[in-house]
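Below, in structure tokens: the form predicted alone, a single chain.
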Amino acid sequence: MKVIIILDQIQAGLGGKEHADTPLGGKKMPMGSADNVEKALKNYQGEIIGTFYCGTDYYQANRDLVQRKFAKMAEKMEADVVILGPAYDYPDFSQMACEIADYIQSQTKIPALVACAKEKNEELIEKYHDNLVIVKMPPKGGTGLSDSIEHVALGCDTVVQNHDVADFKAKYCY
């Protein structure tokens, strides 16, 4: 299973809020928090073939460009699934994650999963939970992160293998 992960500048390990203007970029390897996700994906014969990133301010100023380029790169690299997050309880990254996931699913045949916390994101989750697979995640520093990462990996396997997504969503998603 070939997986692409999309992160903001913080989760990619490229700096804090002061670097929210980081332009879009990517590497053909796990970066930042993608390392933990890749370990969980190995249980499902999955590997991260690329990490895409951009700062949340850059995304808001260049929304259409970022969505289009990330979707095209996912298609070009022949990803089986795209993960957006972990976004924890960061509202700007969670919004970016849901919007890009929605775009990728509507413009490509590649499924996308979002991982974010309910805290600070309740309206966003309410808006997207019917159309997206949004895996439950604790807020930053909360308990249950390892379980959430395992659920993200299971979710990737579920959508790629065309297993029952409704059952998965009922157990692990909003």
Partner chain sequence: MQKKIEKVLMPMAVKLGNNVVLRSLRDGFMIVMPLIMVTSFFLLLGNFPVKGWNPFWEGIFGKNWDMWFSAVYNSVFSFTGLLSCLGIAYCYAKNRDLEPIHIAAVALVAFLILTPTSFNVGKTTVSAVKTEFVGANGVFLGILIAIFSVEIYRFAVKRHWTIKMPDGVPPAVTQSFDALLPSALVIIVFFLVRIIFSVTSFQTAYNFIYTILQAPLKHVGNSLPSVLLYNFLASLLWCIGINGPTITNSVWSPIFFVLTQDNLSAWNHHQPLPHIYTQPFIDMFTTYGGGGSTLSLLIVMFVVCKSKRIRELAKLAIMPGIFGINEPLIFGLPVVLNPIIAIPFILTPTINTLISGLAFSWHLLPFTNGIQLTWTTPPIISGWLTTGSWKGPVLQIFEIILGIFIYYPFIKMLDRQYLAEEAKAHADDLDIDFSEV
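Residue numbers count along the first chain shown, from 1. The model shown is predicted, which means the values in this text are computed figures rather than measured ones.
Below, we refer to the form predicted in complex with its partner chain, which is not included among the displayed structures.
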Query raised in the report: Hey, in the model of the complex, is His19 touching its partner chain, heavy atoms inside 4.5 Å?
Result: yes
Query raised in the report: Is Ile10 close enough to its partner chain in the model of the complex to count, meaning some heavy atom within 4.5 Å?
Result: yes
Query raised in the report: Heavy atom to heavy atom, is Ile149 within 4.5 Å of its partner chain in the model of the complex?
Result: yes
Query raised in the report: Taking the shortest heavy atom distance, is Ser106 within 4.5 Å of its partner chain in the model of the complex?
Result: no
Query raised in the report: Out of the stretches listed (55-63, 22-30, 127-135, 106-114), which one is close to its partner chain in the model of the complex, meaning heavy atoms within 4.5 Å?
Result: 22-30
Report task. Could you list the residues in 126-159 that come within 4.5 Å of its partner chain in the model of the complex, counting only heavy atoms and keeping sequence order? Result -> Lys140, Gly141, Gly142, Thr143, Gly144, Leu145, Ser146, Asp147, Ile149, Glu150
